[in-house]
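Below, in structure tokens: the form predicted on its own, a single chain.
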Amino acid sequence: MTNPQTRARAAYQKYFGIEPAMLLRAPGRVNLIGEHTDYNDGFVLPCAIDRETIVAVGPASNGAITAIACDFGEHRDSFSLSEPIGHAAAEWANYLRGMAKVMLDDGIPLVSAHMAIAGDVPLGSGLSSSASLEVAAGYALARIARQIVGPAHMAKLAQRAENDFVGCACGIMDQLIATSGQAGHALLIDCRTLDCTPVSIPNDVSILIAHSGVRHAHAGGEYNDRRRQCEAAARHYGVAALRDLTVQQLELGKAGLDDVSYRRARHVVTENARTEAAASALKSADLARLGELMVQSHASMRDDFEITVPAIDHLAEIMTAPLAGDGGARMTGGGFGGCVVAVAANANVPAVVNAIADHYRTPEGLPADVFVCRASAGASKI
């Protein structure tokens, strides 16, 4: 498959007959640790990756947004800017429509445009192809209308599109790392204040991602259930968000809280502590401590938050074993499928790759897709 830039540009020329005015990009992301903490006002530690969504865009004069999705059979979607923006039958189109709607609702004037969209972030992988699409589309809509939207503002708009239009009650991590990522760094994000602290990834440390082959979908269902459970637990403790609880307060105040809500809260409270500790470990290149925290995080997601699946648990064990305590692996993303991420010394990467090849197959019996990612910059014009 040709790269996304080439595909987006070629599709634009094919369907609209001219060169696009510009190309915008936004990356996917991998979260090293800090799962389901973002919508609890907590801490996360993601980095943008060198997989991205490209939007080729140019002006139109028909009062509509018309887009071609290269990754979905060159499917076409078009909607008017002068009428209420409704939902499309095609799932991909609702991320674009949602961005247009929230930007208009926010008072950002948009103009008619032609778009062609292509990407190489694996879909349903836990690497945030949805936020990558939202942010790239948002910047394309803004730039063609000659509007300036800052990174934090664009991230909030993209989160609102996913929450209110698409219907997934996600936090802001995915959208914020897509707008604000830094090459060579993870970001410790405080999801309450949106403060982002860069954490350098040492040159001799690799981030390895393996796709389980189990695809997830977060618009509704289990993901939204977890958010409701966390909000119920926060109400029980009388706090604005689970971010505000310590482990001691969690234990002292659990009387009267049902077991499921307690375990959901315990995951979030302990995961926040692990995430801050992991940022310190990564900064000091303490892979043993970082690996320990990642393994603990996976166990918490499996047992307390119940968002892993057997294939993911098996893959995490396979990837952790060759590291022998010098690094670790865990599920990454919202759960119920997707990818496992490992942080390892460069010298140990071949052993992990070989272990996956020898001991893991997807539910269809295929080898896992495995790649070493590079921490990349956030969204930009190409």
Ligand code: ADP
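Just so it is clear, the model here is predicted, and its values are computed rather than measured. The numbering used is simple: start at 1 and walk along the sequence shown.
Another form, the form predicted in complex with the named molecule, is not on view; read the next lines as being about it.
Sole residue of 123, 110, 234, 149 within 4.5 Å of the named molecule in the predicted bound form, by heavy atom
It is 123 that has a heavy atom within 4.5 Å of the partner.
Among 129, 272, 180, 308, which has any heavy atom within 4.5 Å of the named molecule in the predicted bound form?
When the named molecule is considered in the predicted bound form, the option within 4.5 Å is 129.
Spell out, yes or no, whether the shortest heavy atom distance between residue 115 and the named molecule in the predicted bound form is within 4.5 Å.
Residue 115: no, not in contact with the named molecule in the predicted bound form.
Even though the named molecule is not shown here, does residue 215 get within 4.5 Å of it in the predicted bound form, heavy atoms only?
Within the cut-off, so yes.
Can any non-hydrogen atom of residue 53 be found within 4.5 angstroms of the named molecule in the predicted bound form?
Flag for residue 53 set to yes.
The named molecule contact in the predicted bound form: residue 119, any heavy atom under 4.5 Å:
Residue 119 belongs to the contact set for the named molecule.
With the partner removed from view, which of 130 to 138, 224 to 232, 183 to 191, 240 to 248 is the stretch that lies within 4.5 Å of the named molecule in the predicted bound form, judged by heavy atom distances?
Only one stretch passes the 4.5 Å heavy-atom test: 130 to 138.
Residues in 82 to 118 close to the named molecule in the predicted bound form, defined by a heavy atom within 4.5 Å, in order:
Residues within 4.5 Å: 91, 92, 95, 117, 118.
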